[in-house]
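First comes one chain, alone, set out as structure tokens in the form predicted on its own.
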Amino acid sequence: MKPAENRFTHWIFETFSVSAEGLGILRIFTSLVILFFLIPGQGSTHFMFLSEMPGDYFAPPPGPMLLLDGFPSYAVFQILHTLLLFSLAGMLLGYYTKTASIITGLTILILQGLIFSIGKVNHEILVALVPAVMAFSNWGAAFSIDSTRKGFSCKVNSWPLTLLALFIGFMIFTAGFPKILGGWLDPATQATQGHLFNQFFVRERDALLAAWFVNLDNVVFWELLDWATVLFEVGFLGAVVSGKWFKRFVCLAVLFHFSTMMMLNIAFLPNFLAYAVFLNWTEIYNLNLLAYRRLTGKKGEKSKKRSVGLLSGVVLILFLSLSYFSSKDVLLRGSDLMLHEVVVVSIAFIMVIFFAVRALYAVIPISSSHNA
């Protein structure tokens, strides 16, 4: 057996494998997702509204915002928003990537802190944690302006993924443990069903399959959901010790959030930004490069950057279109859900089903030959 110190070192530095190319595509993807869908606030109108709020309405959650006496001026919100846009541009292009990523994370945290100081706190801290933590992976080592500089190190680090996994596991655990204390495992009550009734009748979240689930009166079904929710959320933290098990729990999380969206009309989109970090981005890069070379017939060194440039352009156009139609309130009028949330969560759900079927298909031939 390995000494405890060696096992700990292995867990920190070798649980997840990364490559400069994979991290480069992840950086571009992360920048575009935040830019189009996850910037805190709802634009200048929202910032103006907050800046004009009386000091008596300033109720920040525990943290640095308690040092303030009230909401800052509109100019401060504008400065923070502009700084965020510039840092996101730097992160996207890979220009002083580490600094740009850290500034992106800190600026998002500050904006979130101010927005949530009105009394309602949304659990969106992962939007800030992803760029701040991944800044130390050197995800600007490829497909970046930094990588063209003389003397720039292209060595990448995988330990930020382990740290991010620990953050995710702990955050979901803190959501599950209070449910145990709150009686979710009591067979006499069905907490999930009660939560559904609150969302449907009080908050009027009645889109997608919400109405169908409201009419589903099956005690066993709802009690199983209570237990499954608690076991999943509490078990997430333990799964962090194994890369394979953590990725399996990430897949379960996607299924969980998809069902939550369909039932409660809550998408938890910020979580998906963090889950996406654990995709095999090196494989995505290789498949994209292979497709580009087959399509164009070009196999030189320049094809690597051009293939990523083409992929980035396609993603940019898709996100731009999705953001536009989402802002026009297409298909989901009167719902708290946005079109881009439903599309992104649904795509993630389809991907998990695909991975599950592919894994099952890979096992079946082995079992068949063994039985034969």
Partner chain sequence: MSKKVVKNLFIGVLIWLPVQYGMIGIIGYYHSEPWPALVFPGFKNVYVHEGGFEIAQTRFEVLTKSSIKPIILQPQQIFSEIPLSQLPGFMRTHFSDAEAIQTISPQAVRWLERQVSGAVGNEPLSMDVVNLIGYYALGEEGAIRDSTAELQRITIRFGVR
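Numbering follows the first chain given and starts at 1. Predicted model, so just to flag it, every value in this text is computed and none were measured.
The form predicted together with its partner chain exists for this protein as well; it is not shown, and the discussion that follows is about that form.
A.B. asks: Which one of Arg293, His195, Arg248, His81 is close to its partner chain in the predicted complex, taking close to mean a heavy atom within 4.5 Å?
C.D. replies: In short, His195.
A.B. asks: Looking at Gly297, Gly300, Pro178, Gly238, which is the one with a non-hydrogen atom within 4.5 Å of its partner chain in the predicted complex?
C.D. replies: Result of the distance check: Pro178.
A.B. asks: Looking at 143-151, 72-80, 185-193, 281-289, which lies within 4.5 angstroms of its partner chain in the predicted complex, counting heavy atoms?
C.D. replies: Only one stretch qualifies here: 185-193.
A.B. asks: At the 4.5 Å heavy atom threshold, is Gln42 in contact with its partner chain in the predicted complex?
C.D. replies: Residue-level check for Gln42: yes, a contact with its partner chain.
A.B. asks: Classify Lys305 as contacting or not contacting its partner chain in the predicted complex by the rule of any non-hydrogen atom within 4.5 angstroms, answering yes or no.
C.D. replies: Close contact is absent here: in the predicted complex, Lys305 is far from its partner chain, nothing within 4.5 Å, heavy atoms only.
A.B. asks: Quick one: is His123 in contact with its partner chain in the predicted complex, heavy atoms, 4.5 Å cut-off?
C.D. replies: Although its partner chain is absent here, His123 would touch it in the predicted complex, with heavy atoms inside 4.5 Å.
A.B. asks: Could you confirm whether Glu52 comes within 4.5 Å of its partner chain in the predicted complex, counting heavy atoms only?
C.D. replies: Answer yes; at least one heavy atom of Glu52 falls within 4.5 Å of its partner chain in the predicted complex.
A.B. asks: Does the trio Gly119, Leu166 and Phe201 actually contact its partner chain in the predicted complex, every residue with a heavy atom within 4.5 Å?
C.D. replies: Yes.
A.B. asks: At 4.5 Å, heavy atom to heavy atom, what parts of 231-267 sit next to its partner chain in the predicted complex? List them in sequence order, or say none.
C.D. replies: The stretch does not touch the partner at all.
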